[in-house]
Ligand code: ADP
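A single chain, nothing else alongside it, follows as structure tokens in the form predicted alone.
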Amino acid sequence: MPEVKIQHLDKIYDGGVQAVYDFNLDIADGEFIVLVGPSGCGKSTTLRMVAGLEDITKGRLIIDGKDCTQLPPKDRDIAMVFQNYALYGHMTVYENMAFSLTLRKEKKETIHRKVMAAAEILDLKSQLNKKPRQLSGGQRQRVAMGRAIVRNPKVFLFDEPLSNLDAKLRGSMRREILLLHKKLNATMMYVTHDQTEALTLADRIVCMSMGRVQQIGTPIELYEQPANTFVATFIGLPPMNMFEGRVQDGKFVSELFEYPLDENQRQILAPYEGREVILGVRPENITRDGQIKMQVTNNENLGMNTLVHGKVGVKNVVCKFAEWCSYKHGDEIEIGFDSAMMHFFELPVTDEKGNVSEYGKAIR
């Protein structure tokens, strides 16, 4: 499988609307890259530019050392799996999987060998004579993947392939896609709005918002070292709790509470003395042995842990305790933070309408 180089990609539609800004990414041979972000962030547009389904306004696309920027989709040697399966209802599973090879006029023996090999990988051998309407959603998606596999492309592209499946089936299909990647050792780009898919599938994640790349890194890097307030709140479930305040005399001071900083935090935040910053704490890094008073509003027992929702003053806070809790609405508890897992960010930049134009950068 080849390397893919995406250099300074822009997408500007008629009327001047820009969907993607200066997208840069080098994908290694056999790497699994996941583009994640909310609807409208530019992730699917980027994938479609790689596929050739959208024109590239500016920039270059290099696949296996070949400039593919202006090549039509059929000449890029890529295969794409769509959200809606895109199967031919009048064809059998076998015929759907063989269709692209039939168009290429490959020999029947070659087509049969490739279809059977893909069916073996995807556990579809018993379904080959059925029509798509006779299959479950997960089986249809496997057929769509099989149709891509038989082409033996240089790059596999997945555009939210699990969005139409129920939660249980999404989990099993995620595992199947991971196994497929390991079996094929294929170069893959995968688009999703689901951060759980991103964290479980990716070698590296590209987190996007407002048409721009916000951070590229391994799942653990984005989780433990988010580059800004957007990544911090988008990656992780439940989202990171955010508190606005200022650095003052070795403490984080907000209208809700004061919290002492350890030596390392004081050194990092020294240039911000007297300035406003944002303190971020993940729900699982909140403890039950602090001095911050929180009034419980809801208690969700999840078996191995409990989500406790509450208010610190007027601020909504979510805690994730690794034990079974039985708090009731109105209970008052005292919480604290794991000092080693506290994050600090600059304030976001806003425009004249109050909209965020640049997310608050991490302070390290």
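Owing to the predicted nature of the structure, the values given are computational and were not obtained by experimental measurement. One rule holds for the numbers: they count along the sequence shown, beginning at 1.
Here the subject shifts to the form predicted together with the ligand, a form of this protein not shown in this document.
Enquirer: Look up in the predicted complex whether V308 has a non-hydrogen atom within 4.5 angstroms of the ligand, and give yes or no.
Expert: Looking in the predicted complex, residue contacts with the ligand do not include V308, since no heavy atom lies within 4.5 Å.
Enquirer: Taking heavy atoms and a 4.5 Å cut-off, does G40 contact the ligand in the predicted complex?
Expert: Close contact exists here: in the predicted complex, G40 approaches the ligand to within 4.5 Å, heavy atoms only.
Enquirer: So in the predicted complex, is the ligand close enough to A19 to count as touching (4.5 Å, heavy atoms)?
Expert: A19: yes, in contact with the ligand in the predicted complex.
Enquirer: In the predicted complex, which of 299-307, 32-40, 327-335, 60-68 comes within 4.5 Å of the ligand (heavy atoms)?
Expert: Of the stretches listed, the one contacting the partner is 32-40.
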